[in-house]
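Just the one chain here, the form predicted on its own, laid out as structure tokens.
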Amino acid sequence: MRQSTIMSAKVAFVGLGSLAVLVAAAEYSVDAGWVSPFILAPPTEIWSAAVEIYKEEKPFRALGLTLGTTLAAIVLAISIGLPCGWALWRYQTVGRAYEGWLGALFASPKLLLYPLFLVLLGRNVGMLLIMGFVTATIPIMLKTREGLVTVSPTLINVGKAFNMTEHQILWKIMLPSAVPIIFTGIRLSMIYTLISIVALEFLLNFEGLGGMVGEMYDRYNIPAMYAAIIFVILMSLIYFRIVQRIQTWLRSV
């Protein structure tokens, strides 16, 4: 336990020390004229701009909009993706036929579809929600099928030995065994959906975290733009950390 605490302290020290060095180097580079302030704002000005953004731009309202849209898209994707993933497992021919297509679609840059959805749905939260839903559904479908396929046949045979019905085997044996893999798909969907929605907000200059960065960019307020970007990064790190903690908890249950 003590060694783990010491190692965590060393990791934190190295990380914070590296960050402090980078901040000092950035400040000195701009002050010495090596880097134009129109390209890189001094960290001291970024801090001042962050305080002003907090007072005037209300970043937590933007955060609430982005996270709200992201979570709504994920909930909708789970409600559709889990049954579809089960269907891909239940009907093996269909699953094998579409698994490759879905994998290719998941790897493709779906952000390029936004002009089509923009024309069909308009520039609103609904469009962001649908784009997030499209991004989130595919990994949930694929990982649900994978989780069910990889359940040990021994466990299924034990259930049959106790005269369990197919429905009971699914709910009491297969789904609990597949939860870690299924949640991997949910975790991927949460990450990619947040990235997709923030990027769309920036492209469309819409409200939210991406829109906040885009607004500072349009004003050509370089320190405020960097402050907004740093805020987005910090909130994303916290978001991803929470998702990792949930996954770790599910694996230990």
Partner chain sequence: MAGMLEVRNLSKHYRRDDGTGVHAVDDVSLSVAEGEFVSVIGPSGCGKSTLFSVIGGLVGDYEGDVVVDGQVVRGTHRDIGMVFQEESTFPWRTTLENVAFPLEVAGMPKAEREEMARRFVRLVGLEGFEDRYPSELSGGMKQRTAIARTLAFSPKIMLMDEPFGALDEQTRMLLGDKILQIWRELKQTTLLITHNITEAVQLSDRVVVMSFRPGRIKEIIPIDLPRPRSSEIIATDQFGRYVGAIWQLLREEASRGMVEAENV
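Numbering follows the first chain given and starts at 1. Keep in mind it's a predicted model, so treat the numbers as computed, not measured.
If you look for the form predicted together with the partner chain, you will not find it shown, but the lines that follow are about it.
Contact with the partner chain in the predicted bound form, defined as any heavy atom within 4.5 Å, is confined among 160 to 168, 75 to 83, 95 to 103, 125 to 133 to 160 to 168.
Within this chain, residue 111 is remote from the site of the partner chain in the predicted bound form, having no heavy atom within 4.5 Å.
By the criterion of a heavy atom within 4.5 Å, residue 116 is excluded from the residues contacting the partner chain in the predicted bound form.
In the predicted bound form, the partner chain sits beyond 4.5 Å of every heavy atom of residue 90. Residue contact with the partner chain in the predicted bound form: residue 148 places no heavy atom within 4.5 Å of it.
Taking a 4.5 Å heavy atom cutoff to the partner chain in the predicted bound form, the contacting residues in 163 to 202 are 163, 164, 168, 172, 173, 176, 177.
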